[in-house]
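First, one chain by itself in structure tokens, the form predicted alone.
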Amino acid sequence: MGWLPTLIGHRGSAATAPENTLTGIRAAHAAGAEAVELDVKLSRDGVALLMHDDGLERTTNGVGRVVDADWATLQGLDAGYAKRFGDQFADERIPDLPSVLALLVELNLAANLEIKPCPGRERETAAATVAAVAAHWPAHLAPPVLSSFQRECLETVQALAPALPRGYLVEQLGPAWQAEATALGCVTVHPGRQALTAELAGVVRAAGFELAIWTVNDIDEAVRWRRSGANAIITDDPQRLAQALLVTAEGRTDA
């Protein structure tokens, strides 16, 4: 079974719209992405929401740490990323995970949910993500792939919902990567592009894992990775890569 489509928008469509927002997800869909990669955190009062950073300053008009803010406060922040996009996306809100899952279903978009806990909240963030998927994702659709840099998060998903697909997410593949991914029951492997080689990409595929590479924004590089065996390319700019990648995907027989 294929868990990951070819073109995945990173944090939605991070190059063209506010990251980890409903507008960003719609932008990725409009650009031709077949899936989106999104980051899940918890508010202080346990609401699962989209946010990459531990702090609020980079992507919202708030200050301080996500872990210190209740959902009621976070809902009032502007996540339109005005300092980057001007007023184009003013008043964009931080979405909670149920709203995100509903939009993904509406748009027929696959998803890679990265569990991105604030320090010390690994297990509860993973548990909240699992609960949201169980409650809001239709059983007849292929479920989102849940990935994380934190082994505790993947262990929690494995214990609570072993049927949910898990992704082994790392900056680079160390000597024990295959043993770790296997022990965690992962079906996909997600290494960063900078330390990956075509030879190692082939090893991942030969070991039976699907391979998703992040974050690739150059067209030629994306095509090279596809030809080296990558199942999926995660990119900030799906519109830029869409035509080249999807044409490449049509021409492959082993993806």
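Note that the structure is a prediction, hence the values are computed from the model and not measured. Residue positions are given as counts along the sequence shown, with the first one as 1.
Beyond the structure shown, there is the form predicted in complex with a small molecule, which is absent from this document and is the topic of what follows.
Is D39 close enough to the small molecule in the predicted complex to count, meaning some heavy atom within 4.5 Å?
Yes, D39 lies within 4.5 Å of the small molecule in the predicted complex.
So, in the predicted complex, is L169 in contact with the small molecule at a 4.5 angstroms heavy atom limit?
It does: once the small molecule is placed as it appears in the predicted complex, L169 has a heavy atom within 4.5 Å of it.
Answer for F209 alone: is it within 4.5 Å of the small molecule in the predicted complex, judged on heavy atom distances?
Flag for F209 set to no.
Considering only heavy atoms, tell me if R193 and the small molecule come within 4.5 Å of each other in the predicted complex.
Output for R193 is no: heavy atoms all beyond 4.5 Å of the small molecule.
Pick the stretch from 68-76, 111-119, 160-168, 138-146 whose residues have a heavy atom within 4.5 Å of the small molecule in the predicted complex.
Heavy atoms within 4.5 Å of the small molecule in the predicted complex occur in 111-119.
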